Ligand SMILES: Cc1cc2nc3c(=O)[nH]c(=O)nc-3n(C[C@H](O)[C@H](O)[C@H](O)COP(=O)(O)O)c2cc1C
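Only one chain comes next, encoded as structure tokens, the form predicted alone.
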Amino acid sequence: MVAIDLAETSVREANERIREAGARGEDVEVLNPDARHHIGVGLTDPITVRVRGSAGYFCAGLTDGPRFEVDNNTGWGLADNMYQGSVVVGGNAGAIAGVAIRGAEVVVKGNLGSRAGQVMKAGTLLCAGNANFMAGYMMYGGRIVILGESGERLGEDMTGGEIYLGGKLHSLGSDAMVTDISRDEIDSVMEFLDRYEIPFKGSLQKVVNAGKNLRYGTTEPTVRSLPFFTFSDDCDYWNRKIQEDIYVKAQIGRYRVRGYGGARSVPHLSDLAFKNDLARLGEEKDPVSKVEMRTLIGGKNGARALDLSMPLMIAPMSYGALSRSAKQAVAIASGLSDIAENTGEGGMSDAQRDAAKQLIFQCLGGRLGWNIHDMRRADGLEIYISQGAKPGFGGQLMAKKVTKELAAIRGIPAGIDLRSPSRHPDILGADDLVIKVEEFREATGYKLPVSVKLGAGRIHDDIKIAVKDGFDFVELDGMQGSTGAGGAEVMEYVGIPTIAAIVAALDALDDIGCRDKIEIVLMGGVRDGIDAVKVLCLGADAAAMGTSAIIAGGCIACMQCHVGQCVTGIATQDPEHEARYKVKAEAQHIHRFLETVRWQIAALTHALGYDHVRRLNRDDLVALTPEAAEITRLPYAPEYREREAALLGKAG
């Protein structure tokens, strides 16, 4: 038995010693815990950790295999995202105990705080006392046993799993119902109670999903056979797109869902031009050798930085929104071009990890496909708050894409219209977020950069929070960024343009004198190297592109991403459609496109008179429209329009 006294040892050092003891197979006793946060996070060995007192937030979080015994109470997020193993708490547990567990057994001998078992996938959460409101909120599977009273709105928005209640039922949540309980189920619960020596002599009620809200009542019709790129088409007020919108809503009785991003005409990077005369662009035959483009992202706080061969990354796109084949092709191309790829919200596949030279692991509120082992295999971690196409809103993955394989990876029921939560269960403000960031760092030994993805909304405030909470970099996404499925009204009318996002972010950092404390990767409609250079001139440290990469890999931009029958095999989980996608060939196409982006960045930087991309600045740009000038505070110079058109032809 290894004894660790937290009165003399920091939690960071204690966790290192716990993991070392785990590797040796030795049990651990933690003395004087004094409600410290993050005790035991990241442990993946089957040892016993005895906490002699009370623990704070995320005790036993991001673990797989160990047994924890806590004498007294625990704070928020007990056993956060724990796979196998168990936790026994002698007293009470705070909010969201058992959040996102994937097989663990969590036993609380006292009372539970609110939202216990939120987004849990598998395993058992037992409360011997009373639960607070919304136990089982958005749970996808597993079982919750509450021997006391339920609290209000039990099973709110649950989509799977079972809740067994021994005490008073205060009220049921949306789409939850009481149903019959079998003798075998009662015996199984009693066996569990006996195993943990929990006495109980009452009767049980069973609460499950009622099945009324798992799918939309009417499937949105496929009404377009030709690609469409702008909101207003090529005619006036009552154009074909407006008529189509009215017709479809009359059929389905709800908002519309589609892929891609905002399509209305709003100020964007194409409304900016380079100030200098670039008539000699292209005369230098090897500009790549003349310009330093290597870019380090994420090393500000001591983590191992992402080492990019140029200031470009692949924007987050999930396995789920895209097919496994498409994700693999993008990963291969990113590796060949030596830039970073991002998993998106759907988890990490071995094929993606093997192909990508540098891979960021993204973590969303639904904790879909999230586990400590893949976090440690990553080169960076990212907490998703929102994205440009749906700032402040959760994602949607339509039922046709939620196959058995995808459901197993994400830990959800198959065949449902999956609505990802719009917020993290354990993040209600900046103070919660900083504790979450530290949990990630503790679990991965402070080796990986931790970033945050923000959709352009309240950027002036959000970017300050990102600095306060110690993120290494921000991926900032404007409304021209895309999604696999989102509400059309949100895409068109809620977000703000990409060029406005970067200006607001930099203004906020200047307000607090912290521009050098955090790096910004700007995305949202970045099409090519010309756009990437404009992004760098505006003040971002790097650019990221997603839509361009999948178009390079065969996407025809038909904007039917949500339907699940993508004819190119990209935005689908249907085996027949996916079989059309040729991974190796399309990976080469994407890689060749990325290399043209590299040439464009180098050629433009060289033509602007610089030998390093870091020297690009706002003085290199003018605005072509009064709106873009107002947003960016760049000089308004409409006379540059012809020159910009010529540049597109030469640099394309």
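Numbering starts at 1 and follows the sequence shown. Since this is a predicted model, take the numbers as computed values, not measurements.
Quick note: we don't show the form predicted together with the named molecule, though the next part is all about it.
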Contact with the named molecule in the predicted complex for Thr547, defined as at least one heavy atom pair within 4.5 Å: yes or no? yes
Leu154 within 4.5 Å of the named molecule in the predicted complex, heavy atoms: no
I'd like to know if Gly495 sits close to the named molecule in the predicted complex, meaning any non-hydrogen atom pair within 4.5 angstroms. no
Evaluate Met523 for contact with the named molecule in the predicted complex, applying a 4.5 angstroms cut-off between non-hydrogen atoms, and reply yes or no. yes
Within 4.5 Å of the named molecule in the predicted complex, heavy atoms considered, which of Gly344, Gly369, Gly77, Gly117? Gly344
Option touching the named molecule, based on a heavy atom within 4.5 Å in the predicted complex, out of Ser325, Ser318, Thr124, Gln560: Ser318
Just one of 146-154, 285-293, 96-104, 538-546 has residues with a heavy atom within 4.5 Å of the named molecule in the predicted complex, so point it out. 538-546
Taking the named molecule as it sits in the predicted complex, which residues of 480-498 have a non-hydrogen atom within 4.5 Å of it? Please list them. Gln480, Gly481, Ser482, Thr483, Gly484
